[in-house]
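For reference, the chain that follows is the form predicted on its own, supplied as structure tokens.
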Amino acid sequence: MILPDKTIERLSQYRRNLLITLAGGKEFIFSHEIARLLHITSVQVRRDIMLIGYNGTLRRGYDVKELIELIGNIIDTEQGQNVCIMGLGNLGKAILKYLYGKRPKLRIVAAFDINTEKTGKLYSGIPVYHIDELGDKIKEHSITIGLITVPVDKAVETADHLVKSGISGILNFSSKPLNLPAHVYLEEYDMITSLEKVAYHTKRNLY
């Protein structure tokens, strides 16, 4: 069964919050407690968790550790996947530092740039290669996911390079919309749109 994108997003958020809950020593949790953490309804939480075939108990709720493991089995692959970052400017460096080590099943193993002053070195323990080496290094490191953090005028060209090199999924952080073949999964994150969404909801407090 292929789950809807929004369900996958919520499952990822559930796991992130459940990991914090488990680290705090809490072993069981109710749907309304999860809902409160994510600012959604408990009905939505129960629907999502029932959809993945898990049930809690009326008396204790959901077993936190079991639910974390189940979500991991759904989202992750057993062997994990390798990720590369395209463009090691300020945004690329910040994202690399933030994501590094966050998920053992999603490993950042390489970064690529056109600036020869950055290539041939390690950044936060990750090798930085020139873009000309993309095809060979994607095969060498078995990379399946690419993160695009290049300037907007280079986004389409960079995406084309990734597709031709055999990448299966792309997360685009540039504001340039991409048009990719159907076999490549694309997720686009536009910070300007997100900021304007926040601005829309906060403007009511200005008057």
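For clarity, a rigid core is taken as the largest C-alpha set superposing within 1.5 Å between two forms. So that there is no doubt, residue numbering starts at 1 and follows the sequence shown. Nothing here was measured: the structure is a model prediction, and the numbers come from that model.
Another form, the form predicted together with another copy of the chain, is not on view; read the next lines as being about it.
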#### Entry: is_contact(residue 81, another copy of the chain) in the model of the complex, heavy atom dist at most 4.5 Å
yes
### Message
Considering non-hydrogen atoms and a 4.5 Å limit, does another copy of the chain approach residue 65 in the model of the complex?
### Response
no
### Query
Does residue 175 reach another copy of the chain in the model of the complex, with heavy atoms at most 4.5 Å apart?
yes
### Contact test in the model of the complex: residue 95 vs another copy of the chain, heavy atoms, 4.5 Å
yes
#### Entry: Stretch in contact in the model of the complex with another copy of the chain, which is absent here, among 57-65, 23-31, 43-51, 178-186 (heavy atoms within 4.5 Å)
178-186
### Query
Relative to another copy of the chain in the model of the complex, which residues of 91-126 have a heavy atom no more than 4.5 Å away?
91, 94, 95, 97, 98, 99, 102, 103, 106
### Query
Taking the rigid core as reference, does the Cα of residue 187 move 2 Å or more between this form and the one not shown?
no
### Query
Fitting the rigid core first, would the Cα of residue 20 be found 2 Å or more away between this form and the one not shown?
no
